[in-house]
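Below sits a lone chain in structure tokens, taken as the form predicted alone.
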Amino acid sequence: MSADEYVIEIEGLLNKVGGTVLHKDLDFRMRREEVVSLVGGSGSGKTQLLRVILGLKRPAAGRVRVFGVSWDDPNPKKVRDARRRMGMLFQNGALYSALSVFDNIAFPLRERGGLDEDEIRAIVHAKLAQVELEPRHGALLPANLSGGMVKRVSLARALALSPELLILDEPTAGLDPDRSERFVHLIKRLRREQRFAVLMVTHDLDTLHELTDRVAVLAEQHIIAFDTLAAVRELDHRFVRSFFGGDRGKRALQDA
């Protein structure tokens, strides 16, 4: 497979926080248009790995490329263009509390520049519609939103620049089962329509089963397995047995 068929390429990553080594000799390649779930135990550094992929943290060693571009590339335009091809949905939504729903979604559009306010308004309303919200919701402040609406608004903001790669950090955390299921179905529908790739950190087996093409298991400071759910489930490893064990894990495997 040629390099241009990957959205993310990581080779020989060494990642530290302070003097603590989180990741060592970590390799990871993600193809275009696939959904990959990243799972790992507490303290395995899942969020820190996302920060490296997003270019928010510089690794101690190794190579990280997104859309074929290294965050260390001396060409700032190449780096900026690569960043704009990604969207990020943070676990808690990370909406700006002082901004309305409309202005939260409009923020990346205004930051990019090149659009007048009429064009921005049209895009924001289109994104609201995509996540099954109405223009009137644009006037609300984040404090007035339910947990499910926070997720939808955050998703609309992540999709504002029509990204080719969407990164989700625990997308259904804090949602009850019904809202979680509706949100997963929303992601599935949007993927069918827009064909973006998804990298998702999740501990929710139902979400993982519904969305995932491949599972990457982060343990012992590197990716110990990267395969289909059914194949990963067969790995004889303590974390895998714990994570996929029990009734929910068995159901996910049976339904896969």
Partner chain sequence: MADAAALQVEPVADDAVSVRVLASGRWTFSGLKEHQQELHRHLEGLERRPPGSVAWDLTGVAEMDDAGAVWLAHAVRRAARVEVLPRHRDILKQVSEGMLVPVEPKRFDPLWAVEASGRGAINFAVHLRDATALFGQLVLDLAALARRPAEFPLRELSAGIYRAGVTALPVTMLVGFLVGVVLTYLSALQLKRYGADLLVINIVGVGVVRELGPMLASIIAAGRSGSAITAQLGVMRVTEEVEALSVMGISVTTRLVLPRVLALAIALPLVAFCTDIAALAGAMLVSRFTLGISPGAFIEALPRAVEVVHFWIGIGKSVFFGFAVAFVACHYGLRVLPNTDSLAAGVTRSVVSAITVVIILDAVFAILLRNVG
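Predicted, not measured: the structure shown is a model, and the values here were computed from it. Each form is matched to the other, and the largest set of C-alpha atoms that superpose within 1.5 Å is called the rigid core. Numbering follows the first chain given and starts at 1.
Unshown form predicted in complex with the partner chain; subsequent notes refer to it.
Q: Tell me, which of S100, S180, Q130, Q91 has a heavy atom within 4.5 angstroms of the partner chain in the predicted bound form?
A: Exactly one residue meets the criterion: Q130.
Q: Sort through 201-209, 51-59, 36-44, 187-195 and report the only stretch with a non-hydrogen atom within 4.5 Å of the partner chain in the predicted bound form.
A: Every other range fails; the passing one is 187-195.
Q: Evaluate P135 for contact with the partner chain in the predicted bound form, applying a 4.5 angstroms cut-off between non-hydrogen atoms, and reply yes or no.
A: Looking in the predicted bound form, residue contacts with the partner chain include P135, since a heavy atom lies within 4.5 Å.
Q: Counting only non-hydrogen atoms and a 4.5 angstroms cut-off, does R112 reach the partner chain in the predicted bound form?
A: R112: yes, in contact with the partner chain in the predicted bound form.
Q: My question is simply whether D73 lines the interface with the partner chain in the predicted bound form - judged by any non-hydrogen atom within 4.5 Å.
A: So D73 does not count as contacting the partner chain.
Q: Spell out, yes or no, whether the shortest heavy atom distance between A160 and the partner chain in the predicted bound form is within 4.5 Å.
A: Yes, A160 is a contact residue.
Q: Let me know which residues along 115-143 have a heavy atom within 4.5 Å of the partner chain in the predicted bound form, or say none if there are none.
A: Sequence-ordered list: L115, E119, R121, A122, I123, H125, A126, K127, Q130, P135, A143.
Q: Using a rigid core alignment, state whether the CA of L115 is displaced by 2 Å or more between this form and the one not shown.
A: Yes: L115 shifts by at least 2 Å between this form and the one not shown.
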